[in-house]
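Here you'll find one protein chain in two forms, each presented separately as structure tokens under the names structure 1 and structure 2.
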Structure 1
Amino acid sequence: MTAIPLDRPAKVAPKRAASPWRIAPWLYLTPAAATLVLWIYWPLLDALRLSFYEWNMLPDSPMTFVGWQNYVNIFALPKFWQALRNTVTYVIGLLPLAVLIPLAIAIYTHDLPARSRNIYRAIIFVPMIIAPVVAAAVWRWLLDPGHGMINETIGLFGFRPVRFLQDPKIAIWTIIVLTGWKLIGFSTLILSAANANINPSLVEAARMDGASRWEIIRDIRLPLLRSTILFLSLMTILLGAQWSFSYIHVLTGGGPLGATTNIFYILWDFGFSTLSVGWSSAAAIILFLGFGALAFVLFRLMDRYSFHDN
């Protein structure tokens, strides 16, 4: 056996370096790459093209080139700015649910016995695997102003029923909490895992030095959890508004009075309610570029500020 590598050193090396245009890797890559090009990159370009046209998606209706008009119209639309403001509200509202509360829970339950911790873990993870449309349907039932379980309970205490999804002031917060419902378990698990990875001797050392519980959290746990916290915040900022999409679609349709609409939802609304391909595509491109720039900045920041544990 040992003799063989000596026999063919020339053959081992070129495998990696030489013959740059060998065909094998490309063959292996083709099915996946072709799928992603066909269903993601090509459509992205197509959306860019369609954003300069006015068209209602019917095959035999005319496609009119309108240049930048769709973009101009969208920026002049109060609904767009409302959706943008709401998108920011969604992200800010979700951050405590997706990061802060899970962080507190993860640190607080760190010392629970393994057995009960595993049971809790299993339970709080259930919302994560439930289909978004199922979750939306069930919450719609629980929050129903007439007969929903939650309003019945509120009624028992003598309060007036809350119109969770019909009151423009409350509706967006209802959707945020429902989106958070699906996320808490996931974030808690990620943070618990990161927390459990912290070397116990660090904590023990601080305790010996007389550090209080809070000091240990502030000076040891939080700094060591920083990259995980940043990661979850970054995900929430980039994807949070998208996660609420199913709830908006099933529960409020963006209403009342546009109070719960967000940037992802108006794309859907333009595209498939009013069948305005140009508007929807222009909004899609604005959104893609906006979030792309945001992602770029955030990834840069994350690289700079995350803690690299050696």
Structure 2
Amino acid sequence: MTAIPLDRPAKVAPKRAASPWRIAPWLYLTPAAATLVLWIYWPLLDALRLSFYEWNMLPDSPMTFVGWQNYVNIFALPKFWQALRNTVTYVIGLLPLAVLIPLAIAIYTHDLPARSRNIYRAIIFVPMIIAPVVAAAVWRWLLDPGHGMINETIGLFGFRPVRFLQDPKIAIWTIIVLTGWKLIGFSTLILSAANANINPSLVEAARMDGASRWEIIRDIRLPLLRSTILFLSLMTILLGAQWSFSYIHVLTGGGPLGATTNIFYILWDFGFSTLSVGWSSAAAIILFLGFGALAFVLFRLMDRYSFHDN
């Protein structure tokens, strides 16, 4: 029998010399970094440069340096402030449609039988997969004040036709409802997935302690859904007005009397309707700075008030 030497030192794999010039990790990041630079930061810097010039986008047209004049002109334009007020209205109007109603649907359909729940949520999600331009064209027929199906139905009850897209006081809320109609399905899907990931043992323990359904929602589901609710609120505040662009462009063109124009539509209007690149770029920079500051505050609030079940 051969004795095994116990004092033999174990073989240790030689350490690879750390080199400050290892480039493999950077090569993995290169495509993403190049994409960000090419599609995000370069256009942003170019927009900042063009905001100080007057130019009509024609290749043979000279670019005239005007300094801060484009910014001064935009801030003096009543149309800009009207678009800014409308943007706030869009955000406030979309929050219940994009967050509160989907939250209620996600919670109250969670306990349905699986087949009924899936059918119900699929029906709600259908508007999300319809192209915005197609949906806008269909809604224009439905809302027609003369022969639209909705006004025909209203007339059966003895009421006068409603000018959904022609009345300045109603038009903006019509666009908000149509935009929210598409967002309900997406938000319901996100909240349903988050609700399904809640640990069932927490709910069962609460039921064994005699908690009612509302107490389970208030003390377990809502706190654990807080991160998702804050995320959807952040998305709606930052992008809600932008999502309404297609409906504004197809249904109202920003009218009547600028009642449905928001800050995103006026930016497009400056650039591609009046061919004023300087004004459009200046509006884009103002929009970037304003929403960038808002995003910073919202992300700080999200980090502070999010709650995770570990």
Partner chain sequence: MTTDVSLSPALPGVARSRTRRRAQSASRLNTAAGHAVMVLLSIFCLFPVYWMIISSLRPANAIFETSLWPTAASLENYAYALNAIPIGAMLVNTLVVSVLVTVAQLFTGLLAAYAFARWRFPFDKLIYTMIALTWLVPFQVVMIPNYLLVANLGLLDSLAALILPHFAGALAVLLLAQAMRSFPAEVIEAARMDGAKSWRVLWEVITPNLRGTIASLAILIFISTWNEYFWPLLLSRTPENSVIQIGIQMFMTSEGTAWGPLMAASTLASLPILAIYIVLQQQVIQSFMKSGIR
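Note that this is a predicted model, so its numbers are computed, not measured. Between two forms, the rigid core is defined as the largest C-alpha subset superposing within 1.5 Å. For numbering, take structure 1's sequence and count from 1.
One chain, two forms displayed separately, with the form predicted together with its partner chain being the first of them, structure 1. Residue displacement note: Gly67 has its CA displaced by under 2 Å between the two structures (rigid core superposed). Once both forms are overlaid on the rigid core, the distance between the two CA positions of Leu257 between the two structures is under 2 angstroms. Here the two forms are laid over each other by their core, and the C-alpha of Leu36 is off by 4.1 Å between the two structures.
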